[in-house]
Every structure is written in C-alpha cells, then in structure tokens.
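Below you will find one chain, with nothing else, as structure tokens; this is the form predicted on its own, and questions on how it binds or moves follow later.
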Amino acid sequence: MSTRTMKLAVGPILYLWERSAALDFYAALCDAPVDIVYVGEVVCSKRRVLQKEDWPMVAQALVDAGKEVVFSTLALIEAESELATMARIVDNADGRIEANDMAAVQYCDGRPFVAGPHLNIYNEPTLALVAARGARRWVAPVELPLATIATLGATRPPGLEVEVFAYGRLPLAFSARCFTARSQNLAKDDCGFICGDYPDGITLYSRDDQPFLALNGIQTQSAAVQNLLPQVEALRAAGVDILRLSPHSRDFAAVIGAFRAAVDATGEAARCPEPSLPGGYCDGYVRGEAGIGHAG
C-alpha cells in the first residue's frame, strides 16, 4: 500500500444555507481534519446570505486554524456585475483563487490560481495552457475516468497539483434559467431565494420513480452522491494529490472522518455513513462507465 501524502479539501458550499448554518459549518471546519477549504459562491450571484464582509472573517478563522483557504468564483458569468464581482474577489483575496470560468483565468493574469472543475480541461495541451497562465492546481472535471486523470497527472507541468471531486452530488451543468424557481412557478428575477428551502437541492425522479437528477438553482446535479472512498488507494496510485469533499447538510463530519482515515491509511475502518439523500451513492464516471453506476 502506498503511503504518498494526500490532502483533504472541502469544496465551496453549493447550496443556499441560512447565514447561521453557514457560519457554524465553517467554524466546525476550523477543528476538522481537513487541509484545504474553498469559500465563496459558485452557483448564483444573487445568493448573498454571507456578505462580502463575512468572507474575510471566515477565511481568517480558517487560516488561523492552519487551513489553506481558496476563494472560489462563479462557474457561469453572464453579466457585467458578475465580472466586476469576480475581479473584486481576485484583487482582494489574501490567498489562492479557484477560477471556474475562463474570464477568471484571464483576469488572474499570471497570478497563481486553482483551475476549478467547471473549466473544460480534458487533455494535455489545455492543461499546459492553463498552467502557463498561472494554474498551480487542477480539479479534474467530474466526468473524467480515473485512467484519463492518471494520464494527465503523469504528464502534468511541474509543480501542478491534481484534485478530484471525491464526495458529493455531482455538478453536471449550469443554465441561464433557474430551475428551482421555475419548479415553484417563480420567475428567476423574483425567486424569493426559494432555493434556501432545499439545503441539498431538489431531487428529481424518473417516470419509474428512480432518483435521477437534483435541481440547485441554475445548477443541475446528480441525484446520487459520488463517493470515491473505496477508490482512495487507486486515486493515490494515479497521482491524485487532493480529494475534494463537497458539503451536504447532514452527516458531513462523519464523511470527513471516514476519508481522513482512508487517506492517512491508519488501519481504522474507513466507512462512510449510509447515504442520507435519496439517490444513494455512485462512482461510475471514475470507472469509465455511466456516472450513475455504483460498484458497491
């Protein structure tokens, strides 16, 4: 068994949580056995439960607790106001930026950044391109099989880290439309922040009553939760440096504990809690199969 050091990262909160819940979550992460914490809004620019004054406070508490903090940017930039917000985040961030849109890559202008999972980086030339623009870490798109991640990892530019989305509902697509608002017969511009009523998104079912997708504002996710805990050693062997755990509202501390035990190879039983969301677990993409598949 390889003992090559791997790190654990907690991704940005993809849902609209109440302010107190979000602050409590980050406070708990100060004592959690994770190495990296991503903060900021990725999905919808209208979500401002945590104000711009809150983020530096949250980040400083995490840094004081010994965590690396990365400020994430929007995955879909549609308006001048959103460009301005992205620029402000990049200019004011005391630390790294996660660029999730090529506008952010361009604006970083050679400053170190994380190439987020929403950038379309699928081959060596594209990876080399973003590394030349300042990327120091690449978060693989969720649909890439592990064999491809291993190939790109083996030929990566010097000094580039590889991160994989190891736990969470898979981010599949973004749209100009807000599906959560539409599902409640609300207009996007007058949504009433209805997504706040669904702290893990709205599960969609197929006609034969099987969980299939999840609505999260303008984002479409998988209903199933990707859980790569059983593949930790294969991920390590493939050259993956960092495993990302995407926040959910329930049992997340137990998930962190299970992955920490697996990453550290402590010999403890590395078992995730039973899935609390109706879609169960999946791991198909990493095995080069349909994403909804689960090896069990």
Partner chain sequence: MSLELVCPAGTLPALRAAVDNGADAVYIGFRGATNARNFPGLNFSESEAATGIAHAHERGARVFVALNVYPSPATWDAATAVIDSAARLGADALILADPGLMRYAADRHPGLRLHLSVQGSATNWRAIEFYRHEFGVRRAVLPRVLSLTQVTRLIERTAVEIEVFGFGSLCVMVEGRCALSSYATGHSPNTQGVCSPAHAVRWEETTDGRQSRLNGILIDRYAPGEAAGYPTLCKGRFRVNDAVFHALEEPTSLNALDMLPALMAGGVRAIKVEGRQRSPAYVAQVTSLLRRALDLCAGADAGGGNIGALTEALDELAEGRTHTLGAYHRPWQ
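Residue numbers count along the first chain shown, from 1. Please read these numbers as outputs of a predicted model, since none were measured by experiment.
The form predicted in complex with the partner chain is left out here; the points below concern that form.
Contact check for Asn92: no non-hydrogen atom falls within 4.5 Å of the partner chain in the predicted complex.
The closest heavy atom approach of Tyr15 to the partner chain in the predicted complex falls outside 4.5 Å. In the predicted complex, the partner chain stays beyond 4.5 Å of every heavy atom belonging to Glu161. In the predicted complex, the partner chain sits within 4.5 Å of a heavy atom belonging to Glu78. Remark: all three candidate residues (Met86, Leu152 and Thr220) come within 4.5 Å of the partner chain in the predicted complex, counting heavy atoms only. For the partner-free chain shown, Asn100, Asp101, Met102, Ala103, Val105, Gln106, Tyr107, His118, Asn120, Tyr122, Asn123, Glu124, Pro125, Thr126, Leu129 of 97-129 come within 4.5 angstroms of the partner chain in the predicted complex, judged by any non-hydrogen atom.
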